[in-house]
Each structure stands twice: as C-alpha cells, then as structure tokens.
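The data below hold one chain only, encoded as structure tokens and taken in the form predicted on its own.
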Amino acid sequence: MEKELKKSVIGEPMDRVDGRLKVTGAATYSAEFNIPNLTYAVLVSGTIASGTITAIDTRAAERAPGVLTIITHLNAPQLAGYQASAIAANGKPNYRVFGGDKIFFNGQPVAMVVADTFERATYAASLVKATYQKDEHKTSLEDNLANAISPSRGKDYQRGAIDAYKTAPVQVEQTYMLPTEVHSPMELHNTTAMWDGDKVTVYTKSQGVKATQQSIMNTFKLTDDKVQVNSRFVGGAFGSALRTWPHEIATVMAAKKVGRPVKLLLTREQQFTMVGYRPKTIQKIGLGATADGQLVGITHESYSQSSVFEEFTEGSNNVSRFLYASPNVTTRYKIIPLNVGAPAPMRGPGEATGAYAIESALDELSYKLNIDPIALRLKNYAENDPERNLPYSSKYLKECYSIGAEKIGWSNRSQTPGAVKEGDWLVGYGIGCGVFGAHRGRATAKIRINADGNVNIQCATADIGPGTATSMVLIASDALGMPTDKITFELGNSAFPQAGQQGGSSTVSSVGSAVHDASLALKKKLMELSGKTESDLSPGNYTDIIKQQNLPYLEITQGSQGGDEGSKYSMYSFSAHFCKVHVHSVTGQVKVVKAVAVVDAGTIINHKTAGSQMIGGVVGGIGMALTEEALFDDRYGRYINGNFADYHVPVHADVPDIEAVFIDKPDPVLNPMGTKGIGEISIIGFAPAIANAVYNATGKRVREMPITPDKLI
C-alpha cells in the first residue's frame, strides 16, 4: 500500500473536494448567511451621467414601513480614510460613495435605504427622489478620441525603428474594435456587515479577503484584528471582485450607523454600472513583412475608455511587444476619460483584448502573403523574449500548433476563403494564440496533522471556480505521500495566513508553493522528532511519531515566495486555440462546431478541473466573438441592455464540443511543482480564432466584435 501512495497524484483527474457541497446546495455563499437581527439595504441609483445633486427628497421613504435609516451625501458618516484621500494622485477628485454631491456616471448610488425586510427596503428606495443640475456628459469612445491621454501606467514602447512596418514590402494596416463587455457572473455582488463594538465582520463576494480586509482597515482606520472578512464560496467573478467596491464600504458604514447587521445585494442592472467591465477599446495595427513572411515591423496603438475619476489601464498592446520575433516594434497606449463607471480587470485583462487585434492582423497578413497562418507564425516564432532579451523559462508553443492542427483537421482547410462547404453552410478554420505572464507571489500556509492522521491546511486564498482547494489537496498529498481523503484545505477567511488575490493566473503557483513548502517543513519536523531519515519516514508512521511525543497535533506555518527568477527568465503560459465554424450562406448565422485549445502551462495539477477551466475560458471567447456587447445610449449615458435578457452571453446551444489538450511539461524555474497558470490563456486568443475562421469561411473580414449575422449577409 505504501508503495502505491508514493506514486505521484499530481495530474490525476480528481473530483472537486467541494463539488458535492455545491451541487447539493450545502455550500453557503456570502449572501446566504442567516444572521440574527439582520436588516436589508437597497441602493438608489442616480439617473444622470454628469452633474450635481441639487436636492434629495427622502421624506416619503423615511415614513415607509420598516425603514431604519436612509444614507445620502447629506448625512453619511465621515470616514477617516476617505477624507485622507479625497484627491487622487492625478489631481482629480476621488469618487467616494456618498462623499459629495457630484455625479460622475449614470447609475452612481445617490442613497442607501436600510429597512427590516428586503421588500420594504426595495419599496422605500423607489420613493427617494433626487433632482440634479445636469452637466454635459461624454460617454462615446469614438466621439472623444481627441481627448485621449497618456496614463501614468502603460507607457509607450519602442524597439528598433519607429513605425517600421511602413517601409516593408508587404503591409497590413487595420483597425479593430472590442465593445464593452460585462463580467455577468451568476452570483450577484453582495455584502453583509456586522459590528461588535469596534470590530466588524464582513461576508462579501471577494477574490481576495486579505485585500478586502486591508481596504476596510484603511477606510475606517482599523487594525487587522478589528476586521474579519469571509468569502469561502464565490459564484463566478472573472475579475469583478478583485477590488473593494463602494457598495461594500457603504454596507459597512450602514451597519455601524444602524447598530445592526446589514445585508446588501446588488441588482442585475447595478452589476452593469457598479462592479466594472472590460472597457471598450479601439486598436490600430500596422504589420510589415518581407515577401516570404518575415516580420519587419509591428505597430500597435490602443485607445481604451476609462472613468473621469480614475485611470484604469490594462496594457492591451503589451502582447505585441514579444509574442512574435520582430526587430522593430512600436506600441502606443491611450485612455479616454468618460462619464462611465470604473472598468475592472476581466478575464485575460489587456491580453485578451490585445490578442484579438494582433492575431486578427496576422491572419490578414497571411492571406496577403498567401502563406498558411500557422506557417506564418512559425516563420516569426520567438525562441527568446525579444522585449526583455531573456530566455523563456519554458515554451512549447510549437507543439501546441502541431497538436491543435491535427486535432481540428487543419489539413481540410483551404487557403481560399469560401472554398469549403457542407450543405448550405460555409466552412472555415481559424487559429489564435494566447499568452499571459506566469507569476508567483508571496503566500503562507498553516498545516496541521492531528494524532488521528488527518491533515488540515489553511490559507487566506480564494476560489472563484477553478477548484483551488482540490489543487492544494493534491499538492499536499504528493508532498506528504498521503491519501487525498486524509487532507482538507480551508480558504476564504482573512484570519488565515496571507495570500494574494485570485487573479492573474497565479494562485496555484503562489499558494501551491506555500502548501508544498509547508508540507515539506512538516515532514522535516517529523524527522527531527523521530530521528528518522527521509528514506525511513513513511506516512504510516506520522501518527505514531505524534503519539510518541504525546502531542494532540503537530502544526507548522510556512511562507513561500520566488527568488530572482524574473530577472533571469521571461515566464509565460501559452496556448493555441483552433476552431471550426459553419456560417450559413443565406442567413449569416455563425456556429462554432468544434474547438481545440492546446495549452503550455507547465505541470497540470488536476486534469479534470484544468480541463473545465479551459472549457470555461473558451466559452467566454465565444461570447467575445459572437454575442457579447454592452450597448450605450449616449444621449443619456446609460446602458440599453443592462440585463440578462438583452446582454447575450453564450448559452448551451452556442457551445460546441471543446477539447482541452495539455502539453504537461514542467516549467523548471517558476515554482517547485513546475506549474504555470491557465485561467487567462483559456480565453486569450479564442475570439480571434473565431474571427479568422469566419473570414476563412466567407471571405468577409469583421473587425468590430461581436460578429453578428447582419455584418455578414
């Protein structure tokens, strides 16, 4: 039996450790905690995009049954942290919830009603009436390009000659547009807060409880022992819960004011205005190449919307600096301040947007040169990072190309658009590449082995869906040589040891390293107590050692972080997305009939959850390419389709057979498990794969997402 346990469990297709809780409804999400004496808050949204509140009438709402308080800018408690940061570093006024009479965007909260039931709070909120002095607002990206500014982050970049593509024998110069896209997770954002004296406990939707704890500490000027944040289960986030939003601060504020616990649940419409989105972006690409396909120059300009009260940057042209070997690269990045809510990172932030443009332009170049798109990518394959002039820690993108081409049936593709048909359907094949930084942050894990042989591990990390706890159990099982059913992993509690946010594809690398190191430290302690060497120590005598020492348990807290690897290597995950599409020759309907995602992400900890994560990213890519578009009425500065009925996310009928294939070769540099992230590269590159396949099927190049039938017929 012991020999079997020594076999590595890394990579095995293990069921989620919390799967049964989720599918049976036993998992308690942040809005589901039943807290005694609970009250309910509802936000009143403003109805103009720019201006000043001149009056706000709350009298009828105050007289409504069950109302405990109504908070506006006229009576909101003064928060020390807000006062200290009223002006941002760029000199602009910071937006602070109920911090003043200025309106920055349509949908901005102007009041919060707290009542003894949700229904009463909702009714009373409908009675609050605000009047405004309207100012001219600006919400159209296209109409305000002249107001573009260079942000404090995301500087322009130059390698070699400026705009060298213009001197090349063969050139492509095009503009690509991605509309605003909204995160749209199933779980609405929510917060419940309760005070006990000078200590506050918060249940909220968060991708990082430590970061949320720190935000509340800063705003209310509290120490960490006075702020407890919980977020064990998260029903999807995609980046929308990577920051502490104003509604969370407002809930904590309201709970202190009424002296009772307060729960706030955003409406679906408020999800569109209050918790970020992928910003609308216009990208201009210039590619120049020799007649045989060697890139001479790349120019990538990006214009992206932000809010008037803060700068949001995501470096959408960064990927063009290094993905392909070109001696000359120019990138320019600008943002346009508009009267809209603040954008936020959205799965594959920057890279998903930028890959759509560069991968589409490269496809256009392949037709102009009459070179197979894969052959063109191989012609310009970067063995080392041309931006940093460093070797990659690992890169198996060539293998991704060959495997994906074989699995999608690339040999059936024609270089002549519209040449392949199946009945009434035009058939096309497309490819798009994904790349995202492989990061390792600082994390700490506490591991305890009890006298009964069960192991418990704690870390204040998050799980927004990929199966974090399951991966950590596998890592600990491998390091300790113990069965997975003897190990539990707890997360989502700010009282647990430090971890960063779950974002940027870094959780397994960061937290996994801490779990790995803590497990080895525990084994070392067991060896010290028993006098055994590692070869003599086996899982079967862990409990004997603890009992011999007359201990109820043995506990180790171990921190972990990377070294100077980043100064010696460029570390990235890579993917190659392939798809086959059908386009109806009469109606213009587009169907993705097959998708293959081939992934270079180092060691795969759990093939089952990793495969699911890749499938989820591909579904998001289908949304980017074919369905998702948040539409604005610029006359009023508000969304036309701010709801689930009119904002079209992919449904089951839109999703084909998706095959995820992993190279599964360990990265020798990044961390002790040899793993790299997959969360972002699952979506990065898939939207252009669809766009390129649609062109291959129809000969019509759509450069403004989403690709809807009206753009094809």
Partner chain sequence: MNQFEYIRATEQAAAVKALVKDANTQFIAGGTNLIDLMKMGVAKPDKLVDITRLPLKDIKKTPTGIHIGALALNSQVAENSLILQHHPVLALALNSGATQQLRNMATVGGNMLQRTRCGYFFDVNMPCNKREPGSGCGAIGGINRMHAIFGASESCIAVHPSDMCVALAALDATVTVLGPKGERRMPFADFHRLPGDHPEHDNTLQKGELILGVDIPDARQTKNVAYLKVRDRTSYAFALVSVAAVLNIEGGIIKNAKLAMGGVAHKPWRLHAAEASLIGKQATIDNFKQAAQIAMQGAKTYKYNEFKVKLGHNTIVQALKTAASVA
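All figures in this text were calculated on a predicted structure; none of them were measured in a lab. Numbering follows the first chain given and starts at 1.
There is also a form predicted in complex with the partner chain; it is not shown, and the following applies to it.
Think of it this way: in the predicted bound form, the partner chain has a heavy atom of just one of 555, 424, 399, 544 within 4.5 Å, and the residue is 424.
When the partner chain is considered in the predicted bound form, only one residue from 524, 166, 591, 607 comes within 4.5 Å through any heavy atom, namely 591. In the predicted bound form, at least one heavy atom of residue 649 sits within 4.5 Å of the partner chain. Proximity of residue 584 to the partner chain in the predicted bound form falls within the 4.5 Å heavy atom cutoff. In the predicted bound form, the partner chain sits beyond 4.5 Å of every heavy atom of residue 52. None of the heavy atoms of residue 62 is located within 4.5 Å of the partner chain in the predicted bound form. Proximity to the partner chain in the predicted bound form, taken as heavy atoms within 4.5 Å, picks out 639-647 from the listed stretches 639-647, 544-552, 174-182, 321-329. Looking at 94-133, the one residue that comes within 4.5 Å of the partner chain in the predicted bound form, counting any heavy atom, is 123.
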